[in-house]
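Below sits a lone chain in structure tokens, taken as the form predicted on its own.
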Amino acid sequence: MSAGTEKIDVTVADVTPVNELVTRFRFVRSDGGPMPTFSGGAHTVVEMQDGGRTRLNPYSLMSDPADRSGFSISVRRDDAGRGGSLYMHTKVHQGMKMVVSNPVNLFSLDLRARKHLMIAGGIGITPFMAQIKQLTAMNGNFELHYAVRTAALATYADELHATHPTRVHIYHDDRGEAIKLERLLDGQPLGTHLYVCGPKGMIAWVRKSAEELGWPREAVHHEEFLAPASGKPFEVKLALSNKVIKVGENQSLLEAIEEAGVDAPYLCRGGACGQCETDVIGYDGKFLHNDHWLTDDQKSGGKKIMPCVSRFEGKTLVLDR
């Protein structure tokens, strides 16, 4: 692991199926010591040794930030994904030794807020689990609106509603239930902060609606870890390292750089934090920008790339690495 994401040797303490798609994993330190502190909204990067390949995937921490005995994450199985979630579901077992990173928080609560309005979709509920525990401990004011496909796939919905019946509202797609977003956003008291985590379409919908209703940009928070896209293999020259590397069809540019033994910074590996932003020295071809960090001008300017999620098609790409 790299650039501020120091690793922790852990043992898998529990593997708990939550529903047909989601499984919860609990990690404890292999040396028996306490886990590092974190705040609600933080994530950890889990290292997976999958045959001859190392996978590094970020997952939101959902356990109580006050509990330093272990970290808990929930992983949704994606049969059409790149393999990380399938590895977690099929290879990870109780007692297994693994490696995770120190927590990093790119989705923290703004504790100046008078109220915290949370909107979640699907597995996007996980960071809110820790945030709600944190706010409950400090008697914070919060309200959660959680959209799910079906009751059977409503991850932690029953638990949340039972614990906070007046604060948690569940919407089932198969019952035709939907969040009345405009009414919800328009009726909040001054000093409310808005948080959204879930599918890309939901995040865009909530952010656009908030902007149109005049919400201050600094009061709207979102988190979305993008999975690296597959694509045509391509070749890259690393100018500082004097190496030429090949990026495979199902490999990210960041993974290829790391495989070549070149250190590259990262925090989220999902196009959100900006830590792996890399200067482009030269190119002949086109960029496939998949991040939501670079501005439109930066993407069209051909001077920057986010190697964690973006790709390239063409003859030549030279990076300042």
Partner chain sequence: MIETTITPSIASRPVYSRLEPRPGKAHLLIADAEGAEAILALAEVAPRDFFAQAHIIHIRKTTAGTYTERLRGLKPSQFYSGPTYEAAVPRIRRTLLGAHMGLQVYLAGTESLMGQAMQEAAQAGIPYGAIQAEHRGSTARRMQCVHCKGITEDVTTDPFVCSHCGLHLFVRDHYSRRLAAFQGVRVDAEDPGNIPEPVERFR
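Only a predicted model underlies this, so the values are computations on that prediction, with no experimental measurement involved. Positions refer to the first chain, counted from 1.
From this point on, the text means the form predicted in complex with its partner chain, which you will not see here.
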Heavy atom within 4.5 Å of its partner chain in the predicted complex, from candidates E159, E249, D174, D186, belongs to D186
Given that its partner chain is left out here, which of P233, P165, G201, G191 has a heavy atom within 4.5 Å of it in the predicted complex?
G191
Residues in which of 84-92, 215-223, 118-126, 148-156 have heavy atoms within 4.5 Å of its partner chain in the predicted complex?
215-223
Please check if R114 has a heavy atom lying within 4.5 Å of any heavy atom of its partner chain in the predicted complex.
yes
